[in-house]
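Consider the single chain below, provided in structure tokens and representing the form predicted alone.
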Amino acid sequence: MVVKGILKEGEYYDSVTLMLVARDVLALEGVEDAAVVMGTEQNKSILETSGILLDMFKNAIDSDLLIAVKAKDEAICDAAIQKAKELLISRHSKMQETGEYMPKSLEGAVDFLPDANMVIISLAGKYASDEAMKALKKGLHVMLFSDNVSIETEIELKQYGKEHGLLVMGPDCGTAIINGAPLCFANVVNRGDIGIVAASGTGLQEVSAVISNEGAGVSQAIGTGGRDVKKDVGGIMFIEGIKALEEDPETKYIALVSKPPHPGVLEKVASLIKTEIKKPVVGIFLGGDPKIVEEAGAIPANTLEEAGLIAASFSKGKSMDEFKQLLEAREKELLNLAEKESKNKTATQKFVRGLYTGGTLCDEAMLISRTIIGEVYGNAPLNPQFKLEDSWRSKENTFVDLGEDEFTVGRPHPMIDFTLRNKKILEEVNDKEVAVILLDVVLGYGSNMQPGDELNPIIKQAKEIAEKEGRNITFVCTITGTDKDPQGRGKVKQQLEDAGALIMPSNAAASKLASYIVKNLGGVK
């Protein structure tokens, strides 16, 4: 294999443009790997891990464009690099041809929209923090999509926001719904009276979609970025977000969503709920201690789906017993379906492979599966002892978060581009020990616009490969989204069912079904 590349000093492109160009380059025949990224330290580190960091890249800075291609010969590399350059020029030209005003600075944007009170910032982290502080000093709320912002800067921004009554969502905040407007990766959900604060992007999406699919709606959904609930940041914006919802007249009920916060942060949240929050609160802190939430007067949920169902019950005036009965009835259905699916497997088939695009959904799946089949392997497992030696090679029961940096260097996020996961599906189906493949499909703005069109033929192909060898693979899928999303949940569900997949109403249900099948087959750790 040959690795070639070019460096262009001071040539900046936004991350979405870079991801789309990288996707097209990767699809070229003969290209083994490719990256089109800015020269940040993190990107250089990931390129090194992937074996495509050229010497010329080592002194690159954040504003430098790096294009690297790995292919079987120099001619293919050269052609791919030329294609990347042409695509970048083409996309830049299209933006100019639209005739839309594209402000070059925060000041220009504010002049153009003087009544705006929020700014979304997506720049290299080094520059994003300066723009965020400038926005705050202009009295604007901030959604900071960028990552690579130092923890010290995050604290400074959030302290300033807190002192001036402004929200700072992020850094690394990819999802929010403000006054009915879905921002970045968000679903189109019903407007309603349930406010959400979330330190988890796909967690927020799953809960808000469940709420909307149950006929209730969302008033505001405030993302904080995952680091907010850790020890150093201390939950500054998680707490300010709860206070904002308490004061919001359109919010009657509050849902809190997070991975386990630092114990000190959870204590602060509990104290706030107990002393200052008058509205009903439901909380899901995945992997956290539900007793602390309960003792504060909130209702703890065991899964993201349960949090959404409880919030919807609040809003629709239903008794809590109704959704409990629904879940109990479904539990029996899952057990019956698992028994049926486990009967059509060979003696060698006994393990599940979870291929996730949403990090929080992967975490939830591992937490649920742990209670049924024990610990599972992964690239980011719950138990460090079960970390895969090579993230590209699954073993026994494995759940992989394909959104982790090791899989996304120079590539679009797997919620956008299914190429990598499709490749993994076809690899996993060749393993004679695999009985179940578990997939998430996240809909909404920013995600893949044709998920059914792309997954349907891959699932069919995978099943055909297994059937030729006398095996039957069960595909279990969960779809996070609504019928209002541009992809349409109902349409995607039908396309996946046509391919032979089993579609569950939530990630929790999908995780349970996959685990029950494996348990029946003896694939328990």
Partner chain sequence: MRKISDLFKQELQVINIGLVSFKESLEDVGVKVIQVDWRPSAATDDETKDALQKLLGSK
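Numbering follows the first chain given and starts at 1. A quick note: this is a predicted structure, and the numbers were derived from the prediction, not measured.
Unshown form predicted together with the partner chain; subsequent notes refer to it.
- Scanning L266, L420, A109, A296 against the partner chain in the predicted bound form with a 4.5 Å heavy atom cut-off leaves one residue, A109.
- Only one of the listed residues (R393, K104, K278, K291) places a non-hydrogen atom within 4.5 angstroms of the partner chain in the predicted bound form, and that residue is K104.
- Not one of E32, G287 and Q385 comes within 4.5 Å of the partner chain in the predicted bound form, counting any heavy atom.
- Not displayed here, the partner chain is kept clear of D24 by more than 4.5 Å at the level of heavy atoms in the predicted bound form.
- Contact annotation: K126 falls within 4.5 Å of the partner chain in the predicted bound form, judged by heavy atom distances.
- The partner chain is not drawn, but in the predicted bound form it has a heavy atom within 4.5 Å of H141.
- In the predicted bound form, at least one heavy atom of Q220 sits within 4.5 Å of the partner chain.
- Heavy atoms within 4.5 Å of the partner chain in the predicted bound form are found in exactly one of 385 to 393, 304 to 312, 109 to 117, 451 to 459, that being 109 to 117.
- Residues of 8 to 30 lying near the partner chain in the predicted bound form, listed in sequence order, are G10, Y12, D14, V16, the criterion being any heavy atom within 4.5 Å.
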